Structure formats: structure tokens, C-alpha cells
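Laid out below as C-alpha cells are two forms of one and the same protein chain, each shown alone and named structure 1 and structure 2.
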Structure 1
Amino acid sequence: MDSNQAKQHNLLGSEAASERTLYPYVTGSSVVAIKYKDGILMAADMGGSYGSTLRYKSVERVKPIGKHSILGASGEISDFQEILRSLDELILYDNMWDDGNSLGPKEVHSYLTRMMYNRRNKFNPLWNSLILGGVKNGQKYLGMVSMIGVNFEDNHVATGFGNHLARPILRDEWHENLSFEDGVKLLEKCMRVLLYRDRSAVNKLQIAKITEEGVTISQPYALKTFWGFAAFENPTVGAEGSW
């Protein structure tokens, strides 16, 4: 009883030992995902930034969950790893039932929403924006959960800076029944704009695909970028003194 009260005091009052997440430390930048003809495509770069330093360059931010879903996360990497551990436990217990039924993307999304919202209510959030996509029984599903528990489902989602840079492109150019090649091209277009304009982006990305058959996560690769516009090389010709 006493120790409980002391702990509550700690949560609200003293600065000494804070056991709540106050700010993120190692963060991942945006994740972008779209529905296509056969399932879901999700792209994320492999950078883990420590403030303004690019500390880790091989962080896998897209992981398969169970048989039917993939999860991509931006934000605090340690919280993402914690979420993966909880989901692992969830899938394990589901498998132990051995009843021929398995958790689909809708269920996992619901579980994640509850988990994120619950943590937010305790003022101790998991500092992530999650994208959950999957296919079960022919039904494609793509949803997002934010760190305060806001969740929704859509045909194309993005986290972080992707919301501002990638979603306008997706709103314009996404359509039903994209082929795999077109879907990858569209995602690469979005990731390229993010690479140009988001300072925490790295040119090393993975694209994950999930269909009824299963999950494939590509090997890390780099996008081709073009920096050689003549007008950018000498922008102040004729306007001497400006920059």
C-alpha cells in the first residue's frame, strides 16, 4: 500500500527518477505503405538517428508478424523492439491454441491500438507511429496507429514526414489494382522525395511485400538520385551576391 502511493507520487511529482518516456532517443524516420493488387507494399529506410547524428544504418524497421501481417514503425526504436516482443508473445499464445485459426491483420491492428492507447493514458507512451498491413482470406488490410492511439485504415498510409511529402503524391497517383512493379515504382518515388527533403532519411531502404502466399522483405538497396540540374549547379549566375 505504502510503496504504491510512493510510486504514484513519483509519477506525478518528483523529477528525480522518471519512469515514463519523455522524449525519444534513437528514432527511425518515415514509413510509407500502399495496397496493391495482390496485397500490401511497405517501404522504410534503415536509419536510426540519435538526435541529429545518424547513428545506426542497418535498422530493420519492417518486420513480419505471424503469417498474415507486416509491421513498420517510425519513432523510438527501443519501443518498437518492445512492441515486437509483445506481439511475439501474442502470436505464440495464439499458435499454442493450435486450432487452425491464426491472428489476421485486423486483429493485430486492434491489439496494437489498445496497447498504444492504454500506454498513453498512463502518460507513458510507446513513442512510435506504427503501420500494420496484411492479407487474410483474400482481404487486404492497411492501418495505422499513432503514439497517442489514433488509428485508422486507408488505402495508403505514411508516418512522420511521409504524411506531408508522400501522401500528396499517393493521393494523386494511387489507384486500385496497381501491379507489383507500378506499386514499387510509386513507393520509390515517395521514398526519393523523402530522401531529398527529409534530413533524417538514409539512402538505404527495404521494401516489404505481403500477399496471400506470404511475406518477402527485400534486401537493402539504394535509390538512384539526381543532383545534377544545371540550374542548381550555378544558381546565382546573373544574380551576383545572392545565394
Structure 2
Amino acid sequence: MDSNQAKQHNLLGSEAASERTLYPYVTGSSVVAIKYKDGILMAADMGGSYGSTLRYKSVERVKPIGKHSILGASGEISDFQEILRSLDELILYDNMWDDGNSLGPKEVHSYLTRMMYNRRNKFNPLWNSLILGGVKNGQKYLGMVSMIGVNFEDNHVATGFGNHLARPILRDEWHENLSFEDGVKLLEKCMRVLLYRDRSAVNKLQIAKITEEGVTISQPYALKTFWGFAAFENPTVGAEGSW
């Protein structure tokens, strides 16, 4: 191999080594979360779509982070696993100090915003929208961060189609004194609407709760649905066009 061929080989090798994720492969749909009287509630279904095919139906997309936080994710499942690995390292490093303190939800959310924005600046983003909620010292915290680092806090947040279909419901019906039972009913209403309208949703969901006492994640269960609406039975009635 002469010098020109070697140089060309090295250039090709460096290009292959710096490939980026240009398209997410296995993805999860919406996550919805709210503050309620005693803490935070978060809901997500368990579907994992390979393109437009609902390939996996047991993907857990809500995870506890440390002692005070829970994390939910939409988007690329493998990138979510990478984020969880980084957070495990962060929590382990924090615990090694053994100083009686532990990272709260505000600190973990701040870390996530920096991670997502850093990867975006490298043109190698993590293809996820994240929701981070938690309770520490009696203070409830709920925030989200997008794949390019856009972030905010609110009393209720959602990702994916939930931004368009669930948050209008939450704006009308959420209030700060929601009981646990009413909060679960409100989240189930949002998830039912998403199930009807989002092709990537699956009728198998989990609801996570975090309070000062700790994290509880429900067993997967299905919602009661009704598909007999006239608009579902004949969706094209009155439509105009060649189809």
C-alpha cells in the first residue's frame, strides 16, 4: 500500500469512526407527569416502535434515579439506556463521598440539561425528550428537557404527542391539591386520549409515584377503552378528496 492509498484508507477509517445517529430506530412515545398533593405522578406506556411497527410491548420507560427522583423518556430506547448508565455513574460518585447528602431532582435535572445540550453541540444528540420529577426536603420538582437541551419546569409536563393532546386536558383539570386517586384518574384520562389518537401508543402502561417516603412504580396494566364512537367507525364520512 503506497502513501496515497494509506492516507485515503486513514481518511475513510476516521469518517467511519465518527458516524452519528441520524435516525432513531426503536422509540417510545409520550410520557405525562404532574405534581399532586404529596409528590409527583408520572405515566408512560410500554411500547417500543421499530419505525412504524409496534415491535416491543414491555419496554419500561420510567426509572428511579437515586433517592429523590424519577425519570421518564420518549424517543430512542438505546439512547435512554446510555443516559441511565451516565446517571448511575453520577449517583455512584455522589454516594462515594458518604457526606450524608444526596443529589436532589433539581441537581439531576440540571445535569441532564447540560448533557443533552453538550451532545447537541457535538452534532451527536441523544434522541430523547426527558421528564425528571422528584421530592426532596418537602419541595416538589418537575421539569423536562428536549434532545437539544431546551428545558423548563412546570406543574405538569408531557413529551411527544402528549404536548398536543394531554396538556390541554391538564390545563383545564389540574390543580395543586389533587389527591393521589384523582391524579391517577387524570393521568389515565390523558393516556386514554393518547391511545386513541397516537398510532405508536400501546394499551399497557405504568404509573410511577414519588413522595418523601420513596418511589413506587406500578405493575403494567391496561385501560378500559371504547372504540364504538361514530368517528372511529366511519372516519372518512364527509371528507373531500381523491381518497
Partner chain sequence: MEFKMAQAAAEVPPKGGFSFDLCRRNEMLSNKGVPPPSFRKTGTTIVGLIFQDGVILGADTRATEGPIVCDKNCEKIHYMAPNIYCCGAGTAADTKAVTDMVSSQLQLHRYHTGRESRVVTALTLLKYHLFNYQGYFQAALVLGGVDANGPHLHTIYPHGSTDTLPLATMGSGSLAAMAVFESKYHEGLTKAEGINLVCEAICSGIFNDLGIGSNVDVCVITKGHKEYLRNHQLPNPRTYVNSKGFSFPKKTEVLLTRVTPLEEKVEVIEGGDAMEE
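Basically, rigid core = biggest C-alpha set you can superpose within 1.5 Å across the two forms. For numbering, take structure 1's sequence and count from 1. Predicted model only: the values in this text are computed from it and were never measured.
Structure 2, not structure 1, is the form predicted on its own. Core-superposed comparison between the two structures: the Cα of A222 travels less than 2 Å. Taking the core as reference, the C-alpha deviation of P235 between the two structures is 8.4 Å.
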